[in-house]
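Just one chain is shown here, as structure tokens, and it is the form predicted alone.
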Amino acid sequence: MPQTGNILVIGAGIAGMKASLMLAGASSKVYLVEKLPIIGGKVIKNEESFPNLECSTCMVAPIQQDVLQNPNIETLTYSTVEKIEGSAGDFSVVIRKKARYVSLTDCIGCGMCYEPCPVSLKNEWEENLINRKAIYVPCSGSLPNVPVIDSEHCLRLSCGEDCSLCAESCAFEAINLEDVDEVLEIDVDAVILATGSSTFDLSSIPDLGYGTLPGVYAPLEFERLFASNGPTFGSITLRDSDKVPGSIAVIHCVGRREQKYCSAVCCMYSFKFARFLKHKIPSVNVFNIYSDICVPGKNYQSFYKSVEGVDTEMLYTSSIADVSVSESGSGLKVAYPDAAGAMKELSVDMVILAAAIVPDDDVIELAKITGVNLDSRGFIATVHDGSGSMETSRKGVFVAGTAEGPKDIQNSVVQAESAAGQVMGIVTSEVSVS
């Protein structure tokens, strides 16, 4: 089939990958830009996905491989878009491809370069639960399975020290410490923004103890704790110890009052955590502390009913804002007002905070570069909100996934397909006219 236009997709999470594959299948040339050195997004941080509890990596790995092997998709990892000019059908784009210092073609992913590196620092991808080297892959099973050198912490690149231990350990000469950034200029017909989202800053509510009490966890921290390819290889133990928790509280709606919207998926992943825990630690006591439950759709309702009273005890509170967490002996004390407003206390070993989904940290800068508007919540706005159109305020620029607002994997994929379909409407009409 003849090529039907060039498309830029920013963000290689589930939405960006699905949109890219759909467009590539329609014979479009796709430039998939991802700021991280790997593709897959936050989905690959999950061990299982609700409501059917499929293995997330098993589900996503074939999609990642299809993206990397598709001849119509040029995957640009460790890259950022710096400028977009022009209009629909004729955009000029400037992309900075950061120096990786490791060849994507010569490296075989053997990992022999990690151990010689003298640098040790927190691994952000693993939610700072373990350390990494200056040369690293974010996690086991990363795709592409090729390390990158963190130039800000590499002794040679940041301090000018005479260190080349990683390069000396590579039998394939895949490491080039003289590598430099590359600037690419491309022309595209349309753009899809699929840059994902972030989670509410839990440290902004000091009464919940996040960041000060080691037994308090953010949701993605717990996801990585449970994951078989995570820092503990799926063993659920308390931070910096080998103790297996005997009781755990999951506090719902953290950040909902501050953000003034419901993120919709927090209840579901909270119930998923309960199922996780009872599977891993059958004797554990799990408590879900909530003031409201959001489980839209028949499949979600069924999953909730299968967990309620079986894997977790549901504890209603009249005010999530008045819930607090404090130290109590060797564990934690959760205080909350019950339905009548009377304060109750619960002793547990671990607390998981179900954090609201919020706009990505880089969304304001992205909006400036792409020339699109943000909505009142800070997510990328669509022109006809609620109509199903994924077009933004700039014609020819579309959005998909949680960059547009909180949603689950299924709805992110639906939006990706919708955005790709609308893009194909643009490029096929141009082909017809020409």
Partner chain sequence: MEKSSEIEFTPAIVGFLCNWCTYAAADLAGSSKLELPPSFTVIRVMCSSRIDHNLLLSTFFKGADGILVAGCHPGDCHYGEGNYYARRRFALLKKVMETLDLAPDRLQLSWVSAAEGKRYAEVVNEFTKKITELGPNPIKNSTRF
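A quick note: this is a predicted structure, and the numbers were derived from the prediction, not measured. Numbering follows the first chain given and starts at 1.
Keep in mind that the form predicted in complex with its partner chain is missing from the display, and what follows is about it.
Residue contact with its partner chain in the predicted complex: Ile281 places no heavy atom within 4.5 Å of it. Among residues of the shown chain, Ala99 is not one whose heavy atoms approach its partner chain to within 4.5 Å in the predicted complex. Looking at Gly89, you'd find every heavy atom of it more than 4.5 angstroms from its partner chain in the predicted complex. Its partner chain is not drawn, but in the predicted complex it has a heavy atom within 4.5 Å of Gly141.
Between its partner chain and the residues Ser247, Asn128, Ser164, Asn229, the one pair within 4.5 Å by heavy atoms in the predicted complex involves Asn229. Taking Cys110, Leu220, Ile236, Val94 one by one, only a single residue has any non-hydrogen atom within 4.5 Å of its partner chain in the predicted complex, and it is Cys110. If you take 37-53 and check each residue for a heavy atom within 4.5 Å of its partner chain in the predicted complex, you get Glu47, Asn52, Leu53, in sequence order.
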